[in-house]
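Heads up, the chain below is alone and in the form predicted alone; it's given as structure tokens.
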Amino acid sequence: MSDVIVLGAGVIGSAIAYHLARDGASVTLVDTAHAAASKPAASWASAGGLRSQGRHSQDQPITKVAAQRWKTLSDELDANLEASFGGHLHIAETDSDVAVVESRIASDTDAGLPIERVTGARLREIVSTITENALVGAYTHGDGQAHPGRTARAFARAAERLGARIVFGQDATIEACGDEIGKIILADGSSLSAGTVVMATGAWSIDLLASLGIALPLRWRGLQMLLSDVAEQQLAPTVTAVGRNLSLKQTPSGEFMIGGRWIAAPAPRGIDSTCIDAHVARQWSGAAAILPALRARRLAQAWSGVEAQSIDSLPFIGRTDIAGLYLATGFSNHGFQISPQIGALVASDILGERQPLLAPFDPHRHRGAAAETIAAFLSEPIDC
């Protein structure tokens, strides 16, 4: 019997398992896939941005600590995470958008984040090939990018080195005994038990929760990513823009990666998705409007993964009404940057040191919300 079973070996689940093992707990990490961050999980399809600016106020204390941890995380995990720190640039292209950027700068400055207002020559010093329409930018020089799959696998390997048991390649179901967590039943008929089970299963959390009689305002969506052919290095920061569904970066090997919240189509069966051609075209053209050099590139790959989204875009983290069941799901397309510190906070919380920074993410915070509001969220059409 383990102290803790962590279900889900994406970057969140693997980070939690690592920190629990580091803190001396007996841990078992379980995933239906044969490796951490496998297709079609969110960590497999993540853009990998390390963006500390422009986050929810509830995230800000966590993101500041996470930003510092990323600087040394490769050494801590003894792995190449493909981490680079060229900054993050968020731009306004119209006069009406400038106020949005100014508001972000004011909020992040009040939160103690090191953010810079950039215009003119300074803006083009950061990205010389940015669109001529760029008027004002919010720039955080310490932000950057890393490889989500490598990071999840590095956390899992580090957990295993510290004594964690890894169980991959088997479907798992949760057995409850009244109001208490029971066993984890694996596909081969064997079972696992622990004092605490952490559900970090992303899009798959919805069905697992339903099997336990728990309904949260949580949905899954397919999100698609694009990759260009290889180009000369010209884009150091990750780039976003007001009013555009865009996350743009250039990888260390030279490809441009284009993400954002571009919705993919649900696959005919199971929790999976496929790219929507019309969205691919709009996704590419939107990125090229910000970085015109993309017009000379070609699309090399398009793919999609599945993400769990909450009704307020904040994750569900914490204990549930079922004793022994702890949630860490619903990160809504922005869990990667904070994952190292989420892992540390959740581990401490589970092991008895309550963490006030996790309080805003209480899984039951939406009790009493209007049923029609939740229904509208859950049934929102697949579009961008």
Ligand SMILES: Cc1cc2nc3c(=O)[nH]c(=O)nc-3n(C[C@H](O)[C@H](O)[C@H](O)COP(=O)(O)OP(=O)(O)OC[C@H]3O[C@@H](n4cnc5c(N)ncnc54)[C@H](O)[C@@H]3O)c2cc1C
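A residue's number is simply how far along the shown sequence it sits, counting from 1. Predicted model, so just to flag it, every value in this text is computed and none were measured.
Although it is not shown, the form predicted together with this ligand is what the next lines describe.
This ligand in the model of the complex comes within 4.5 Å of a heavy atom belonging to Thr32. Residue contact check for Leu162: none of its heavy atoms lie within 4.5 Å of this ligand in the model of the complex. Using a 4.5 angstroms limit between non-hydrogen atoms, Val346 is distant from this ligand in the model of the complex. Gln337 belongs to the set of residues with a heavy atom inside 4.5 Å of this ligand in the model of the complex.
Heavy atoms within 4.5 Å of this ligand in the model of the complex are found in exactly one of 222-230, 189-197, 292-300, 130-138, that being 222-230. Across the proposed site, Val11, Gly48 and Leu208 without exception bring a heavy atom within 4.5 Å of this ligand in the model of the complex. Residue Ala42 is the only one of Leu327, Ala42, Ala66, Ile350 with a heavy atom lying within 4.5 Å of this ligand in the model of the complex. Contacts with this ligand in the model of the complex, taken as any heavy atom within 4.5 Å, map within 291-321 to Gly305, Val306, Glu307.
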